[in-house]
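What follows is a single chain, given as structure tokens, in the form predicted alone.
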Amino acid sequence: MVIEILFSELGLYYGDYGNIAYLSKCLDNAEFIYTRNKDVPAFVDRKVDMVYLGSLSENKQLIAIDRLMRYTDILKKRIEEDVIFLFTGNAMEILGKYIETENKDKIECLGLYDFYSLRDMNRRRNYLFLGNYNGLDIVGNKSQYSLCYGNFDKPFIELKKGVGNNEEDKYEGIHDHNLFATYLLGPFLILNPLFTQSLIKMIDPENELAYREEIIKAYNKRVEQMNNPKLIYTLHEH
């Protein structure tokens, strides 16, 4: 089992490192490769089971786009080969056509999916989120300068409460083959152990969730709280 972490020195903000820490507990026999931004990604020329890219600053996002742009065709091929990809936070934006800034500048992205992102660095949006994926409740939070628009014909999570890809969309993220991309932040895999369990079984059917009883108990409590009709899902904007 090989898990590749892309560009960890550039990002893993907002608690995203918790995803890697938890995976390492669940898959303790796996090889974890930490690919730095000047390295050739392992998925280019060797077999990997999963590739992860977490949240980045806007400046570091430019570096990640530049490094991955030369491997777009290979990345597309690996997705079609059912390699697992998990992109969290604004890493999802990299997969689209472009990012348009508040100054109307356009940053070309990988163009793997038919959407674009509108960024406004003067307005950070913070949301709580509750959704559904294959009958599983998905919980989390979002803190973003951008919203995404376009053709999301391969959605990941159906919105129940909060905000989707934009303020009108009823879905959040991308699910294509075994690629999962979502704006949800923090230790997404810890917050959503039932989804994580399905992900782990794809990598190694023999492995189980670490701290299973405790983490599912916490998840059930979180889902109960998120279903509270009095809970405010837009925290604040600034």
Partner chain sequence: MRSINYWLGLWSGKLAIKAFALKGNPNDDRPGILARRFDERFIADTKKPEHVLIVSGTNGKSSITNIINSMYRKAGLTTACNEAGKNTFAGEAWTMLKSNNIFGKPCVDAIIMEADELFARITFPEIEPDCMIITNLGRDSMFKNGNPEIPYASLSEAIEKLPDTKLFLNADDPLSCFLGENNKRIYYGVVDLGKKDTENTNSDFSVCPRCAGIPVYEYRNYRHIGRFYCPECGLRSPEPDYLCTAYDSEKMSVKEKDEEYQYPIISDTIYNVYNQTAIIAYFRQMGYTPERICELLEGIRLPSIREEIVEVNDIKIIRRAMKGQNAYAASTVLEALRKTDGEKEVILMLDEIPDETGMETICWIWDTNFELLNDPKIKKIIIAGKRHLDHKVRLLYAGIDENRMVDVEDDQDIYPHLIKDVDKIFVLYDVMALTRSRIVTDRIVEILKAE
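Positions refer to the first chain, counted from 1. Just so you know, these numbers come straight off a predicted model, no measurement behind them.
The form predicted in complex with the partner chain is left out here; the points below concern that form.
In short, of 183 to 191, 170 to 178, 197 to 205, 45 to 53 it is 183 to 191 that has heavy atoms within 4.5 Å of the partner chain in the predicted complex. Annotation: in the predicted complex, residues Leu6, Ile33 and Lys160 none come within 4.5 Å of the partner chain through any heavy atom. The partner chain in the predicted complex is not approached by Leu147, whose heavy atoms all lie more than 4.5 angstroms from it. Within 4.5 Å of some heavy atom of the partner chain in the predicted complex lies at least one heavy atom of Leu128.
For Ile63, a non-hydrogen atom is located within 4.5 Å of the partner chain in the predicted complex, even though that partner is not displayed.
Taking non-hydrogen atoms only, Ser143 approaches the partner chain to within 4.5 angstroms in the predicted complex. Contacts of stretch 26 to 52 with the partner chain in the predicted complex, defined by any heavy atom lying within 4.5 Å, are made by Arg36, Asn37, Lys38, listed in sequence order.
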